[in-house]
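Shown next as structure tokens: one chain only, the form predicted alone.
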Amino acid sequence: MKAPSLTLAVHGGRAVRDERRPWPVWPVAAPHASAALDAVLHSASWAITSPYRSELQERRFARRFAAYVGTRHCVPTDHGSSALLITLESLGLRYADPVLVPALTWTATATAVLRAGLVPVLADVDPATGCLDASAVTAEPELGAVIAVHWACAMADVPAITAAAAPLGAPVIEDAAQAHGARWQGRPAGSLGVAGCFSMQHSKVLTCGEGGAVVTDDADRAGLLQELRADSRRYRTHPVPGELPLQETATTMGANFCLSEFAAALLCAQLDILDEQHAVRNGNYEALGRLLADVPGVRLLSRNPAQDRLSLYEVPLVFDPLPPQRTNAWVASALTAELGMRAYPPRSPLSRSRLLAPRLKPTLAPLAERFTERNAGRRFPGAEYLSQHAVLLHHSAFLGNEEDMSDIADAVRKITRFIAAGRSA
């Protein structure tokens, strides 16, 4: 273990990590990703609206990802936000029905609710895990649905949340955008609620740049989801060569949220290396936990013992406590300077987010009024605590080795010693 100087790099001291040692880059292209993209380029089928020639990459990815998640069906989409939107629309709720959303999540979880004609009701999270828990559900007098978000590297207890929501008749959707491959008592994230929504955006552990998917065991819901993302069309049971593979079933009005064939082919390639990457990241995460065990005032995010497999998206380092003159934004800057890798605070809770502003859209005015009324006076101490005490590291840092973890631990130790000594900038 190194014994770094107490003079921080952000104050002109020597950094813990040698700048000549780069961190792993992201994304990491699978070995055959180029060939997969080239095959689509010369296939004359670039979208699911191409005349049918052979099995589409989108269908191949849907089949493979459903198997990976352990569900019967998968409906790919162009974005994770689209996945949330069409899943909410598939529930058949009434206009302005309330949907419970954790206050600590990306804004798309809540904006999808508004786009579906529903009202987000913000709920606090457990400060140990960053996730919604069942007590937040039982505190509500009525709900149309619940969105349980798996946050950073921890899973929400979806079975307990589902049990709490059952008396309200509220189905539970999993926002698993940060949890590809995580498991709860052997069941993959996304398979625990009525549907699971995923993002395959650039920063996610399974990515094609921009993409998404909904998984479900419900065949009727899967057909409806197909229509909702493909302008009221579903796949033909028996496609005809030269004809479009979609037919106008039109049991509902949809929109175009379809995944391209290039993105689907890339996802198929990336899926082949996902579990190998999980093994590397998770092993390094456990190593970091051991290295930080003797550092006072810093902890990794807690997880329920029922979560028997991690999927790292962002790794929170929680500083308990921080003196008034030291914010987690300052810690993030100091850690970035020591490591030469971006560390950053969590986003503000949705109750304070500039990105969640339905009042700025005239067409959302009635929902914006109800949103303001429904959330007036609510407090979110758990979400506020994590947003002010956690510092996040992207999962790509964990694709390195134990020496990289030692650098992270040494940087954290150096900063906590500086804080404990009461040094001023």
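Don't overthink the numbering: it's just position in the shown sequence, from 1. Everything numeric in this text was worked out from a predicted model, so none of it was measured.
Only in words, not in the display: the form predicted together with a small molecule, which the text now covers.
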**Item:** Exercise: residue 342 in contact with the small molecule in the model of the complex, heavy atom 4.5 Å
**Value:** no
**Asked** Is residue 196 close to the small molecule in the model of the complex, meaning a heavy atom pair under 4.5 Å apart or at it?
**Response** no
**Message:** Residue-level contact is defined here as any heavy atom of the residue lying within 4.5 Å of the small molecule in the model of the complex; does residue 136 satisfy this criterion?
**Reply:** no
**Request:** Would you please decide whether residue 87 lies within 4.5 angstroms of the small molecule in the model of the complex, comparing each non-hydrogen atom pair?
**Result:** no
**Option from 160-168, 270-278, 201-209, 122-130 whose residues, in the model of the complex, bring a heavy atom within 4.5 Å of the small molecule** = 201-209
**Request:** Please pick, from 317, 189, 177, 103, the one residue with any non-hydrogen atom lying within 4.5 angstroms of the small molecule in the model of the complex.
**Result:** 177
**Complete:** Note: exactly one of 81, 71, 328, 307 sits with a heavy atom within 4.5 Å of the small molecule in the model of the complex, namely 81
